[in-house]
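Take a look at this one chain, the form predicted on its own, written out in structure tokens.
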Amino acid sequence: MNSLDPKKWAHQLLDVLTSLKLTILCLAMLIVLVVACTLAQVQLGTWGAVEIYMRSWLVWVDLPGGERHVPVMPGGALVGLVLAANLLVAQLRRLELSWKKVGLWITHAGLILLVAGEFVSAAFQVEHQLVFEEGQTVGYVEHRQQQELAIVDASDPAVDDVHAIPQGVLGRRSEIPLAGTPITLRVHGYFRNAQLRNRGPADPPAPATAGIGPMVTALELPVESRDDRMNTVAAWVEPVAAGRSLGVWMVSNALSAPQAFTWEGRSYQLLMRPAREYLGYSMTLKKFSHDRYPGTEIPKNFSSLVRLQDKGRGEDRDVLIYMNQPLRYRGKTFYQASFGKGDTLSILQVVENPGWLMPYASTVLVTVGLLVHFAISLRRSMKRRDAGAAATPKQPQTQGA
């Protein structure tokens, strides 16, 4: 047969893809990645380590003395994809389609579902935070790692008209029209992370011409990936209305107060804040409790008593959220995460993951599959034993005198 025969190559490829050695190699690589990811959390934080090691196709490192990046090992996404393909093709090619193999079919389906669940989580899981104080009502959650530029028309004391621009748009577009207003924003500069300090006599001219910007110097920094560190986003924007410039303003989440300007009697504010997602319902923190073990300062339990109000669904009830007891509502899960301000402020971690049930379903399938396979194997073994006992001739018995 010709060495370039496509059928031969396809057969060899299937042999490799369904190899048990490939399965063991993938499992070993996952162990290495888990160990490396765990150790990297010291420097990168949980979110950064997971993104680099577990949810990437390749793990890259920086060469010393330069800006070159080289791959050193496959990432969790690539290993998981190969493992899923290995299990799926091996199941279709090698497992006999019969009742005596149904346990193995169920077990393989559970393993494939487990890998698929991680891909769904990596692609669609979104994490936010809900921060509120006792007595405060909030109808939105915030993205801790993403900022947005908010332009607020505060002319009406009863309601604010807010236009939010994601920080990524600031880095891609030079002009951003605000729908429903005569204002267009011109972006003169944008740093994903920066250090702000008072301007010195040796500093270059300031890009800003209005507000606090002319007195501040911003130095660009590498982007932070640690969970316990925040990026200081800085941008220089120029509102333009009817062809007239309203000044170049610096906005940053490091500034404690918004920048303000007026146009035709209307008051506007510019501020950089965590990106918000509005819920369509509200939650009020009625009481936060921080319980300690008697006679010690060791935390025993954190809990938030919240009032959930959703007019669209007729919901108006109190919910207690505490450790290991989250609230699941309308596709989001609210976990008790942290607290502050003398135990009067509560921080809830809000997770939206459409694949959150897949690991549970996978565990059930694998368990059921192994039990079924064990039961079938045990039944066959008992049948063989009974058949062997029936085929053995009985020895004649002798009676003594």
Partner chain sequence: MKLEKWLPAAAGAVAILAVLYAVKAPPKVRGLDLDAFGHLPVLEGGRVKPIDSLARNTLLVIRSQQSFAFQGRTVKADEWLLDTLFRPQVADEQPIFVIDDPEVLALFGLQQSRNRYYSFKELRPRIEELEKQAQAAGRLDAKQRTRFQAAAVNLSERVYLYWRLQNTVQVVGSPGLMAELATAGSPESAERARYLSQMAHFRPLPPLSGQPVEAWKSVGEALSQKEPHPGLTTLARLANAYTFSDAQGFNQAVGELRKLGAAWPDLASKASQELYFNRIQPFLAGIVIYVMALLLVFVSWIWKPQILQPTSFALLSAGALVHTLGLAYRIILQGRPPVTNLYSSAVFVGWGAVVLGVILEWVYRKGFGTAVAAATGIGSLIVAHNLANDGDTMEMMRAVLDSNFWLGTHVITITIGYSGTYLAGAIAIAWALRRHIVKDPDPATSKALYGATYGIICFSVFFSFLGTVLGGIWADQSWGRFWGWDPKENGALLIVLWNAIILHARWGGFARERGIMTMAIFGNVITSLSWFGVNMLGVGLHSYGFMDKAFWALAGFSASQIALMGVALLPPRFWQPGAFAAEQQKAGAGTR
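In this text, all values refer to a predicted model and were calculated from it rather than measured experimentally. What we label the rigid core is the largest C-alpha set whose atoms superpose within 1.5 Å from one form to the other. Positions refer to the first chain, counted from 1.
The same protein has a further form, the form predicted together with its partner chain, not shown here; the description that follows concerns it.
Quiz item: in the predicted bound form, which of 317-325, 171-179, 216-224, 262-270 comes within 4.5 Å of its partner chain (heavy atoms)?
Solution: Only one stretch passes the 4.5 Å heavy-atom test: 317-325.
Quiz prompt | Non-hydrogen atom within 4.5 Å of its partner chain in the predicted bound form for each of Val240, Gly243 and Leu308 | solution = None of them does, since no heavy atom lies within 4.5 Å of the partner.
Self-check item: Listed residue that, although its partner chain is not shown, lies within 4.5 Å of it in the predicted bound form (heavy atoms), from Ile376, Leu30, Ile347, Ile52
Solution: Checking each option against its partner chain in the predicted bound form, the one that comes within 4.5 Å is Leu30.
Practice problem: Name the single residue among Tyr329, Tyr281, Phe132, Phe302 that comes within 4.5 Å of its partner chain in the predicted bound form, judging by heavy atoms. | Solution: Contact with its partner chain in the predicted bound form is made by Phe302 alone.
Quiz item: Wondering, does His11 line up within 4.5 Å of its partner chain in the predicted bound form on heavy atoms?
Solution: No.
Quiz item: Given that the partner is absent here, does Pro294 sit within 4.5 Å of its partner chain in the predicted bound form, heavy atoms only?
Solution: Judged by the heavy-atom cut-off of 4.5 Å, Pro294 is in contact with its partner chain in the predicted bound form.
Quiz item: Does at least one non-hydrogen atom of Thr367 fall within 4.5 angstroms of its partner chain in the predicted bound form?
Solution: Because a heavy atom of Thr367 falls inside 4.5 Å of its partner chain in the predicted bound form, the answer is yes.
Quiz prompt | Contact flag, Tyr360 vs its partner chain in the predicted bound form, heavy atom cut 4.5 Å | solution = Close contact exists here: in the predicted bound form, Tyr360 approaches its partner chain to within 4.5 Å, heavy atoms only.
Quiz item: Taking the rigid core as the reference frame, is the Cα of Met358 displaced by 2 Å or more between the shown form and the other one?
Solution: Comparing the forms between the shown form and the other one, which are aligned on their rigid core, Met358 does not shift its C-alpha by 2 Å or more.
Quiz item: Core aligned, does the CA of Leu58 move at least 2 Å between the shown form and the other one?
Solution: No.
Self-check item: Rigid core superposition, Arg197 Cα moves 2 angstroms or more between the shown form and the other one
Solution: No: Arg197 shifts by under 2 Å between the shown form and the other one.
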